[in-house]
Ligand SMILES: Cc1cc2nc3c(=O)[nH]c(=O)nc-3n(C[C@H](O)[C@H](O)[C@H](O)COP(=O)(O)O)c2cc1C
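This document opens with one chain alone, in structure tokens, the form predicted on its own.
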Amino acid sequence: MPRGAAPASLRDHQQTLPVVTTPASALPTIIQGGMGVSISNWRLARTVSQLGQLGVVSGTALDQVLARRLQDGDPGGHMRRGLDAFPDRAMAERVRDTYYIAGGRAPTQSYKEVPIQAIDNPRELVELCVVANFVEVYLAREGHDGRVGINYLEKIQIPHLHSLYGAMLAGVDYVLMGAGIPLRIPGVLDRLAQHEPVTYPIVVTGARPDDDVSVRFDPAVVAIEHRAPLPRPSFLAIIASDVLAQTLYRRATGRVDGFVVEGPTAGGHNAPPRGKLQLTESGEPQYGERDRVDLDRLRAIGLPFWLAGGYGTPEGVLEARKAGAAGVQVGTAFAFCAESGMRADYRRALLQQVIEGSARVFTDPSASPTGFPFKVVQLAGTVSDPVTYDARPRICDLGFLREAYRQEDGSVGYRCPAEPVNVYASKGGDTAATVGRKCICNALIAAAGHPQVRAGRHVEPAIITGGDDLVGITRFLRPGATDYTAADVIDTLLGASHATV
């Protein structure tokens, strides 16, 4: 029976796909992007992996995602099936007892608040994070022998250690990380594979050289009867600079196994342009020659790499392969396919806009609390709509993109430019940084169908992100169709490359 296989009675609901057997040593041609919060969910990753490519789950905010899926009644019983497979039965039961609501919460009922990630996390949050990452990877790997990866943002630093351990307990094959300089992650993977305690330094604004601000995690918190070494997943760094690739190759604390080169046309957060920020007439960041990765220098490192951002076409795959890449990472095409975790009404509305030729993506220089450009798909009723944005009360109650800063007494505080302006200013924040900021955390979870409800009536609006190639996803639609699948994406992308490369 394949790894993670469920009994026949539990497999009846699962989609039947032609399983492609791929040698473990072979590199995937297509990496499915790890997008948003639960857009790249276990269903999408599982499907892509079954089709012989690298399916990737998003590791962002999985603690919140699992808690909300359980409170929604866990349709299909998938979360509970994942919990049943977790090696520490008592820990899994504590998570289930805390969040599961049989039949689901009422539509006007707020989700139970999960503690916000902080340097000194309560044990219940550490446990939830470990379990949530395990469940997502376990479900993605269930019933087949394909490879599965998980994607993290380096700038969301606090949950790294317990998240990685949970994913590794489930046997994750690849860890992908961008949005920062993940020099220490390869060494963390080495130690976690041996169940050894680990630390991770946290960036704290205003910290002094002698301040020791780190997150610590001891895998012994998870009760495992036999602690055999875990398989150490391959590590792929997501980069936007050949200089960063060279730095990681030379200075990382452990083995780097390859790179994903992400250009500024990719969805989600983009690296800011090098040099002084200049905006186009439409108000978007302007990129130039300095922002191109030197592929000659990248090839000289000798590690495999994949190109991302505008390569989601058959011609893009061929171009990448001819440039020496192992293949491509594709996000937008998978984000809008039938297996995506995007809320169905948003996905259908945007697909219709693409078909009609009215879809638009705006690279917003001020939307994200991080200050990084963030690609926002324009859709009425989401925070891309000024009316919807202005009507939403400013609140920061998830906190994944908060900035840690040193307070006068030496302790660590947290602030977010998307929180109420007066609150941000009281923490020493510059009020100019609050202009145009959006609560990406709440909005991304809403896009996956789990919006918080406040006071029984206010429902958090969503934000949809996608790459510049959104307008071209009609290439995956069969004649007369208004929807497409992950298999359609893979078949389209690989048709020409298989025949030519």
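The structure displayed is predicted, hence computed values, not measured ones. Heads up: residue numbers just count along the shown sequence, starting at 1.
Only in words, not in the display: the form predicted together with this ligand, which the text now covers.
In the predicted bound form, this ligand sits within 4.5 Å of a heavy atom of residue 268. Contact annotation for residue 49: none of its heavy atoms lies within 4.5 Å of this ligand in the predicted bound form.
Residue contact with this ligand in the predicted bound form: residue 309 places a heavy atom within 4.5 Å of it.
In the predicted bound form, this ligand lies within 4.5 Å of some heavy atom of residue 331. Exactly one listed residue, out of 140, 175, 335, 129, brings a non-hydrogen atom to within 4.5 Å of this ligand in the predicted bound form: 335. Across the options 431 to 439, 28 to 36, 448 to 456, 61 to 69, residues that bring heavy atoms within 4.5 Å of this ligand in the predicted bound form belong to 28 to 36. Shown here without this ligand, the chain has 151, 153 in 133 to 168 lying with a heavy atom within 4.5 Å of that partner in the predicted bound form.
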